[in-house]
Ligand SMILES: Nc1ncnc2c1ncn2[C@@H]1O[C@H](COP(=O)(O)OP(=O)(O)OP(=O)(O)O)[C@@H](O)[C@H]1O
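The chain below stands alone and is given in structure tokens; this is the form predicted on its own.
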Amino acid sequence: MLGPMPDRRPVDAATWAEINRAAVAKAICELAYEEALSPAPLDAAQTRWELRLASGAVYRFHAVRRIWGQLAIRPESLVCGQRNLPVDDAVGFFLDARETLDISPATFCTYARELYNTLLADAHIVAVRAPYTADALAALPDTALQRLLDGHPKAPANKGRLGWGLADHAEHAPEFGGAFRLFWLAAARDRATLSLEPGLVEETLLKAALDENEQTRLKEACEVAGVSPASHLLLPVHPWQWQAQIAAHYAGEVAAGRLVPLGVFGDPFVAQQSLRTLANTRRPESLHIKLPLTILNTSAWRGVPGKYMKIGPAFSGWLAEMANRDPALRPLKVLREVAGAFYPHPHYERVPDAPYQFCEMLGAIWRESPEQGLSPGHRPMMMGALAQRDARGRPIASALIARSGLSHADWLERLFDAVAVPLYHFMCRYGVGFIAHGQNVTVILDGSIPAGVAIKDFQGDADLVDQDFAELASLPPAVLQVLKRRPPAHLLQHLQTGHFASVLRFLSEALADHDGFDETRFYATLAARLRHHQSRHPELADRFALFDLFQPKIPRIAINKVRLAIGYGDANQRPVPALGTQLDNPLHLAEMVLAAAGPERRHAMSGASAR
């Protein structure tokens, strides 16, 4: 049964203009950051800018250049053409920029589909979020807050969701907040793969999603279908994935009785920002379930690769063990993937280099909830939420800082000690590099003060150093065989781009814009906490030199430019970001400013403390 349909007129004119301006501002900012567009200043102070495109279109706006080199554009200042008309058409902007960006007709039209879907979703978010101040947003539970967030800050089309229509969004998208129950299949054990954490039994997985009555109903459905626990395992499926993909693509398996449809059972779940990860609304501390969705969203098809299902529990268990025994990782909690299941397609799996979306359709990951085992007064918040602003432009981080009673520098010290320092230590000590973006890093708040971090998503978002670190010797051989081995510079880039440039870049800009907190102080504080960590671990001096965060230049990574260049043809791997010219490293810039300052000014800017 379909859930409530969105309004027949899903967006009004004023909201449509607002979200389109914001999308154009983001597009110009990020494509200029990626060196695909070249705006020019119109005044000596570099506050008024002009973008001339090969089509003849001209866009003008007010902006300031930030420490990472990007332009912080005021969306309301955007005008175009000789008559300085207000900008209210994001797809029209990409049409104007198509020649400059060298976008093929086919790519333009498909990207426009992604952008239109994003704009419709953003219209709903803006309307629902309008009554909330930053202070009210900061007080929301994590799952409730996630439905009010803007999404990936680097991608203009960050809610593309190709394959979904209005009804699908209303039922399954996080911004609508709709809860839904899972569809269940019985899957033949001789065809499926199931990996469990040591000591875990399958019954625990069922209890995480179904109360006693629903477990009884599901077991009765198995009996009616003639399914035995000895021959079949019980596998949850996203209800959209079942009706849109599995029912047809796996029809032969259903006909043969290797897959047995059982129906909808269990507790209601709600989608997190990543769409595939679902949280139990009745029992927030219960295991999250990550399920494949064969839709294209933010440049990739959102399936689950089978090779990671086999090693998920072993790898996350090893990560958790390292974190538990290392005092330097006390703030860090690994959200263990306690189980992984995968059912390969009988034909697509046998095609060498088949497009990856056809090989990642049916599986599940059971993962610990960030709500589990929290100390009294502690609560989780997705890190990407910190830079989210309310209708008046105030970021959630600003509200948390005010509520904490700490200064900006002191609060940021707590944040960096809780997140950036443990990620850096994990890389240097154990040779594990996490792509720690805003959705897979969760800040643990003690009231309003950062006190820890929970990390997740280790399938493709974590790599191992390609050197013989003694600390990796205890990693299970199966994990070593599957995970990619990367040079130190590659792992370093995971932290610099995945976390610093993709999360902290937007947080420092938000605090500078609204609170006037200087970005040099922001990164001087980060540098001071990292240097403090180095001073406490002289035994890792060689590793700190290997993973040097303080070089003058760091890589510039482009994601939007790649999407527009490669188009939407099927491939056997996810798109790989491109490199641009190197960036000035904000950590290096901040330390240079500190070195030139006097002792008192140096101490004030660094936010250094004895902690």
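Start at 1 with the first residue shown and count on from there. Nothing here was measured: the structure is a model prediction, and the numbers come from that model.
Same protein, other form: the form predicted in complex with this ligand, not shown, and the subject of what follows.
- The closest non-hydrogen atom of G438 lies within 4.5 Å of this ligand in the predicted bound form.
- Taking the partner from elsewhere, D457 is found to have a heavy atom lying within 4.5 Å of this ligand in the predicted bound form.
- Using a 4.5 Å cutoff between non-hydrogen atoms, L233 does not count as a contact of this ligand in the predicted bound form.
- Although the partner is absent from this view, E214 stays clear of this ligand in the predicted bound form, with no non-hydrogen atom inside 4.5 angstroms.
- Here the chain stands alone, but in the predicted bound form its contact with this ligand, taken as any heavy atom within 4.5 Å, falls in 381 to 389 among 381 to 389, 422 to 430, 137 to 145, 200 to 208.
- The contact with this ligand in the predicted bound form, taken as any heavy atom within 4.5 Å, belongs to T298 out of S448, T298, N280, Q493.
- Of the listed positions (R276, R98, R129, R486), a single one reaches within 4.5 angstroms of this ligand by any non-hydrogen atom in the predicted bound form, namely R276.
- Contact here is defined as any heavy atom lying within 4.5 Å of this ligand in the predicted bound form, and by that definition not a single one of H172, P284 and R336 is a contact residue.
- Although this ligand is not shown here, in the predicted bound form the stretch 134 to 172 places heavy atoms of G151, H152, P153, N158 within 4.5 Å of it, in sequence order.
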